[in-house]
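In the block that follows, a single chain appears as structure tokens, in the form predicted alone.
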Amino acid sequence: MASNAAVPFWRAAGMTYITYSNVCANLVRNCLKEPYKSEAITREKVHFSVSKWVDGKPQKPIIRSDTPEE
């Protein structure tokens, strides 16, 4: 059985590494001064497509854009 002494604090807090990384990135972006802050926020946007599969064939993809809520 492994000891919990070496568990990273983000895991001990019940976060995944991706969640921890996103929190840190948001904090850094919010600490920047203009014009760097607005440039960093525009790079934060993520676009991706989702396709459902039916009978082994992909359906028409849906383009999604996940941006942080303000």
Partner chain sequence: MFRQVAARILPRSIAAAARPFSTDVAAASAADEAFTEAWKKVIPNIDPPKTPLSFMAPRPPTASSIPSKLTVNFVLPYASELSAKEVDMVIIPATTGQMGVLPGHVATIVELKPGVMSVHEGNDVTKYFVSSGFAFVHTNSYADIIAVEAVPIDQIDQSLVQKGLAEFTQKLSSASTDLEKAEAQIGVDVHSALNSALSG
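As the structure is a prediction and not an experimental result, all values here were calculated from the model. Positions refer to the first chain, counted from 1.
The same protein also exists as the form predicted in complex with its partner chain; that form is not shown, yet it is the one meant from here on.
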Query raised in the report: Do heavy atoms from each of T42, F48 and I62 fall within 4.5 Å of its partner chain in the model of the complex?
Result: no
Query raised in the report: With the partner left out of view, is V54 within 4.5 angstroms of its partner chain in the model of the complex by any non-hydrogen atom?
Result: no
Query raised in the report: Does the 4.5 Å heavy atom contact test between N30 and its partner chain in the model of the complex come out positive?
Result: yes
